[in-house]
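The chain below stands alone and is given as C-alpha cells, in the form predicted on its own.
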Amino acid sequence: MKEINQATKQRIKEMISEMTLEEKVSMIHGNGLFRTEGIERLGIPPLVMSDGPMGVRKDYENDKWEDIGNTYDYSTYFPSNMALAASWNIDKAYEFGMAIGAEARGRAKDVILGPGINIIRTPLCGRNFEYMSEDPYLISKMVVPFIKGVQTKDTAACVKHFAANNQEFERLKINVEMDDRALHEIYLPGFKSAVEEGNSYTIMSAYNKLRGEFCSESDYLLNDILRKGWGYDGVVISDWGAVHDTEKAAKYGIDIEMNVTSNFDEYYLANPLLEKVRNGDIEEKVIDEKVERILGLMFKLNIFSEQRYRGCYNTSAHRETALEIAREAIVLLKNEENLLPLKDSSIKTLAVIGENADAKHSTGGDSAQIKALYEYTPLTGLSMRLGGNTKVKYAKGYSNDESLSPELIKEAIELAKNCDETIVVIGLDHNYDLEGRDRTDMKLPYGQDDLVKEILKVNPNAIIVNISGSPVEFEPWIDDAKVLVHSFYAGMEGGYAVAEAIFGDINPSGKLPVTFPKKLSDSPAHCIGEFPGEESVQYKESIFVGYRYFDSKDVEPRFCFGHGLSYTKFKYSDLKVNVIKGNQIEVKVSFNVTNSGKLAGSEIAQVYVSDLVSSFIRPEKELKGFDKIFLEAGQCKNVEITLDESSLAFYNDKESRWTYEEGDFKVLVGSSSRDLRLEETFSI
C-alpha cells in the first residue's frame, strides 16, 4: 500500500495554497451523483465513485438517476460478500479484490463503494447479502485481503457502513444503543482491521445514529476512535444523504459529503459551509485538512501519474475468478444417504422446479444491482452441464404472484412424478434481500413451503437447493428432505457452480458464515434485544451475537455457524498446544487433518478459544483461527495456527481497554462451531 512521502506532502500543501476557498469547498461535496468537482486550472480531476462490490454499477446521468444508455458498461457480476465469506478462502478474497479493482479502473472509477462489513445481527436485515458474517474475526480475515487486492489496481476501497448499520428500517434516523463491550468486541473489529491492516484508503460513514449522534457527525466515532484511536489518515465519505448538520459534519470528520439529490450547491458541505467560514463560525483550516486528505488519496491512486493502472473489465480472467469463488461458496447443508453427487449417466429426464431455478438476481438489491454481461441461472447451468443426453424439463412451481401457486404446484408435482431425478430451487430474491427494507420474518415467501412439501411426498429423494442472501426458515419440511444445498447470491457464474456441485465436478467446500436459526424467536436480537425498534433500538444481547448466543445459551440452531458438508470425510488428530511466554504471549496450536474418504476435497479447520474462568461474562467460545486446506484422498496435512494475546482478550468496559486475565483457557478444534473434534486446556 502506498504512503505519502514528505515531498508529496509538501506538494499537496503548495497545491492547497493556490486554491480559492470556493475551489476547496467544491472538492469536499458531490457535484454529481457519483463524483466530486475537480479544479481544472490546477490539473485536479474530479474523484469518481461507483457502487460495489458485487461489480461496478452501470453509469448514470450526472444529475439524475437515469441510465446513461451506454452499451459498453456491462460488468462482471461477482458473488456477494456473504458468498465470499462462505468460501472462508483468504486467497480468493485477495483475487476478488484485485479483479473488482481492475474493473473499477477499467470503467474509469477511482473509488469502489465496498466492501460492506456490517455485522449480521439479525436474519432480517435487507442488506445482509452485501455483508459478510456474524463473526468479527471471520470478517477481519476476509476484508483485509479484499481491500489490499482492490488497492493494488490504483482503486480505493471504501469500507462501509461505519458503524452499527445493522438494519434498514428507519436507517436514516434510527438510534442504536449498545454497551461498550458489544461495540468494541463485535461491531468495530472488522473496521479496525480494515484500517490498521488493510489500510483502506476510504471509509463510508453510516446513516444511523449511535448513542444519539448521527454516525456521519460523530466526534466519538470519526475522531476519537477512527482517527485518534486507529491512526486513520484516509478519506471519510458520507453515505448518500447521511449528513444533517454543516458544522458537525465539518468539525467531526466527514471529508466528502455525498447525496442522492442534484442540488449540489445546497449540500451541507457546499454553500452552507462557505457561509459559515466567511462568518467565522468554522476555520478555513478545517477545510484545508479535508482537501489535504483528498489530495493524498489522489496521489495514492496515482491520479497525477501517467503510469496509473489503466484497468480492464469483463475479461475472461475476471469471469473465471467469479466462477472460482462461486464454486467455493456452495454450502452442502444436508446429504443423507449420500444422494449427492448425482450420476449424470443414469439420468434421462431431469425435473428442475422453482422460480429461483430460472431467476436472475444481478439487476436487484438497489445499489448492489449490476448490469451483468450475462448470468447463468441454475436451470441454465444444469442444462449446460448435462448436454443432450439428458432432457431437462422445467416447471416454475411458485410465483411472486401467490394466487398462481396452486396451479403451478400441481404442474410441478406431475413433472416430479415422471422424471428420473428432481431438483427444486427455492429461496429469496431481491424483493426480500434489498437495500432500504428489512424482512418481517424468516419464512420462505410465495408459498414455497407448500411446494417443497408436496414434491417430497411424490419424490422423497428430491434435491433441494436454496438461494438467498440471508438465513431462511426450513422447518415445515427440513426433516423430510434428504438433501439441501445452499448458495448465497453467487454472481454471473453461480448457476453453473451449483450444477457442478450437484454432479460432483467440484466437491462442495463452503461453510456458513452465519447461523441459520430454526425460528426467528431463537435469534438473540429478537429474544433478548430489540428489532427493529422505533426511534431507538436496544442491543440488549450485547456480545451474544450469532453463535456466541446459540452456543452459550445452548439453543439448537438449524444449521450452525461454520457448518458445511463435503463428499469426503475428514479426520482430526494430534492436537498440540504450546504456550510461549515472552514480552508477548503466543500460543502455538497444531493438529493433523486427514482426508479419510475416497474423494479429494477441501476442509476449513476452525479453532475456537474458551475462557474457562473470567471475572467478566464471556461467550462459551469464539472463533480465533481457521485454515482452508485441500487434501487428496488419504492425504494428511499438519495445520498450525498461532494465537496471540488478542485471541484471549476481551474489552474491559470498566477500564475502557482490552485485557486478558491469567487462568485457564481451552482450545477447541473442529469442522464447525458445533462439530468440535479436539480440545486441550492451557494456562496463562
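Just count from 1 along the sequence shown to find any residue number. Bear in mind that the values here come from a model prediction, so they are computed numbers and not experimental data.
We do not show the form predicted together with beta-D-glucopyranose (BGC), though everything after this point is about it.
Only one of 396-404, 524-532, 204-212, 75-83 places residue heavy atoms within 4.5 angstroms of beta-D-glucopyranose (BGC) in the predicted bound form, namely 204-212. Judged against beta-D-glucopyranose (BGC) in the predicted bound form with a 4.5 angstroms heavy atom cut-off, the residues Tyr94, Lys109 and Asp154 are out of contact without exception. In the predicted bound form, beta-D-glucopyranose (BGC) sits within 4.5 Å of a heavy atom belonging to Phe34. The shortest heavy atom separation between Asp239 and beta-D-glucopyranose (BGC) in the predicted bound form is within 4.5 Å. Taking the partner from the other structure, beta-D-glucopyranose (BGC) in the predicted bound form has no heavy atom within 4.5 Å of any heavy atom of Arg327.
Looking at Leu113, you'd find a heavy atom of it within 4.5 angstroms of beta-D-glucopyranose (BGC) in the predicted bound form. Contact annotation: of the candidates His563, Arg548, Arg105, Arg171, the single residue with a non-hydrogen atom within 4.5 angstroms of beta-D-glucopyranose (BGC) in the predicted bound form is Arg171.
Of the listed positions (Asn459, Ser542, Asn175, Ser367), a single one reaches within 4.5 angstroms of beta-D-glucopyranose (BGC) by any non-hydrogen atom in the predicted bound form, namely Ser367. Shown here without beta-D-glucopyranose (BGC), the chain has Lys160, His161, Arg171 in 157-187 lying with a heavy atom within 4.5 Å of that partner in the predicted bound form.
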